[in-house]
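In structure tokens, the next block holds one chain alone, the form predicted alone.
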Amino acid sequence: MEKPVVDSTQTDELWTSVLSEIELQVSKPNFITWFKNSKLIENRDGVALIALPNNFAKEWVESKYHKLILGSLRSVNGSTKNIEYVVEGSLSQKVISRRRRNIVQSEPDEKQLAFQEMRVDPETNLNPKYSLDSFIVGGFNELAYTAAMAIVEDVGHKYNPLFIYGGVGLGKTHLIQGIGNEVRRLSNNEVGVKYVTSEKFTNDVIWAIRNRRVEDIKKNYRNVDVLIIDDIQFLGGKEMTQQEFFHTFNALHENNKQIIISSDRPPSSIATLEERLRSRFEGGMVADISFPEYESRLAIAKSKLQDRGIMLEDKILEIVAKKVQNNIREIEGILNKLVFHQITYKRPLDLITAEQIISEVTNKSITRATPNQIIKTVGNFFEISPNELVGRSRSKEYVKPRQIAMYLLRELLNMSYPDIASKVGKRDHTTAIYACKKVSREVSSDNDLSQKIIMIKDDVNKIG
């Protein structure tokens, strides 16, 4: 079925859907840096006009992400043939006038359009859309949620610090920001809360050092009641930033100020993290968020639609919940596409079309990595070289990563056992069979191993 050209009244909805798809394929820091402030100005006559905040961003996105953006646009709207990039504010009056002439009078209800935009509180950096009331609780995140509620009831005295870890798109940011918003609500905004990513904290430290304004860092980060740091794993290897965070941590903790941290891995698995920080992280409550079970995935899908007053058939939501097993953010991305299609054609989405859209998205999650890249990624995770991983040593530090590499070659690339055995040190195929079955058996009962494989898969999916 040929898709209609999307006019200017639908560009925001289209771009929201495209960004949801792009977010699944690039790292979080890269997405925030290059795409957060991007805009789709119009999409007509097969040409999409994308605005970036400055010339540097325009050149970088055009050279590095053009194919990704074009592919994502085409998957949502097949009429797109090409992309033009401009700097926001430099658009000609002719383009702006053309946009105005094409605006139709009957616009869709705002609640039916994009999933809620980012509306960040400038004082706290919290997004009010993240609330504990809208956080779906299941067996996969019950411990983390229980710890969060305990903190809300007794800030700074229970579970301090709280360290929450889990794979990409499982709700960590929602939960930790939800804590901050609930603390603010219950205290009538009297409790000082500050939310930052580790990238923002690092940038602040760099700025302070360059400008000899280190005291500003102390003032900004040590005079709060609740400090929330997202994606702490990115502090690994940054000595000056770790040093400043160590002193900030101590200053807050000694004064019973609450510290909340998220990461994609437990403290013990963060490479190049200083031991003194690792020790302090592990001294509080460490809680994981694992993969959501089917019932939770279905509840999440229904909740996200209900928040926006949008209806889709239960059978469609059931397919989404069955197809997307490892990533809540991917569920939202698929819902974006389904809703966009329903609004575009102005009729309820039928089951066959919905299945096609869902299949298009889920099939794209197949990795584009090569066997060598998977082996290298596993080696990097365990801090061993590819040669050591495929070598002949029977030491435990090499055997386990080697077995995990074989398991991932089978699961991600569906390689045959003889090919896996040949690729990993020219071994007998029975060795590959044993390794794959052993890891497959252990991953269902060993939560630590399961989390490690999730993190490695996330690293693999960033390739390409």
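Start at 1 and count along the sequence shown; that's the residue number. The structure presented is a predicted model; accordingly, all values stated were derived computationally and were not measured.
One more form of this protein should be noted, the form predicted in complex with ligand ADP, which is absent from this view; the next part is about it.
Trainee: In the predicted bound form, which of the stretches 337 to 345, 369 to 377, 353 to 361, 163 to 171 has residues with heavy atoms within 4.5 Å of ligand ADP?
Mentor: Partner-contacting stretch among the options: 163 to 171.
Trainee: Ligand ADP is absent from this chain, but in the predicted bound form, do Ser290, Lys438 and Lys452 each have a non-hydrogen atom within 4.5 Å of it?
Mentor: No: none of Ser290, Lys438 and Lys452 comes within 4.5 Å of ligand ADP in the predicted bound form.
Trainee: Between Ile83, Ile136, Ala321, Val191, only one gets a heavy atom within 4.5 angstroms of ligand ADP in the predicted bound form; which residue is that?
Mentor: So the residue touching ligand ADP in the predicted bound form, by this definition, is Ile136.
Trainee: Taking ligand ADP in the predicted bound form as the reference, which of Glu332, Asp204, Glu274, Glu244 has a non-hydrogen atom within 4.5 Å?
Mentor: Residue within 4.5 Å of the partner: Glu332.
Trainee: Can you tell me whether Asn141 touches ligand ADP? I mean in the predicted bound form, with a 4.5 angstroms heavy atom cut-off.
Mentor: Asn141: yes, in contact with ligand ADP in the predicted bound form.
Trainee: Considering non-hydrogen atoms and a 4.5 Å limit, does ligand ADP approach Ile261 in the predicted bound form?
Mentor: Taking the distances in the predicted bound form, the answer for Ile261 is no, it never comes within 4.5 Å of ligand ADP.
Trainee: Would you check, heavy atoms only and a 4.5 Å threshold, whether Phe249 touches ligand ADP in the predicted bound form?
Mentor: Judged by the heavy-atom cut-off of 4.5 Å, Phe249 is well away from ligand ADP in the predicted bound form.
Trainee: Since only the chain is shown here, I'm wondering whether Lys257 would be in contact with ligand ADP in the predicted bound form (any heavy atom pair within 4.5 Å).
Mentor: No, Lys257 sits far enough from ligand ADP in the predicted bound form that none of its heavy atoms falls within 4.5 Å.
Trainee: Just give me the residues of 283 to 318, first to last, that have a heavy atom within 4.5 Å of ligand ADP in the predicted bound form.
Mentor: In sequence order, Ile300, Lys304 come within 4.5 Å of the partner.
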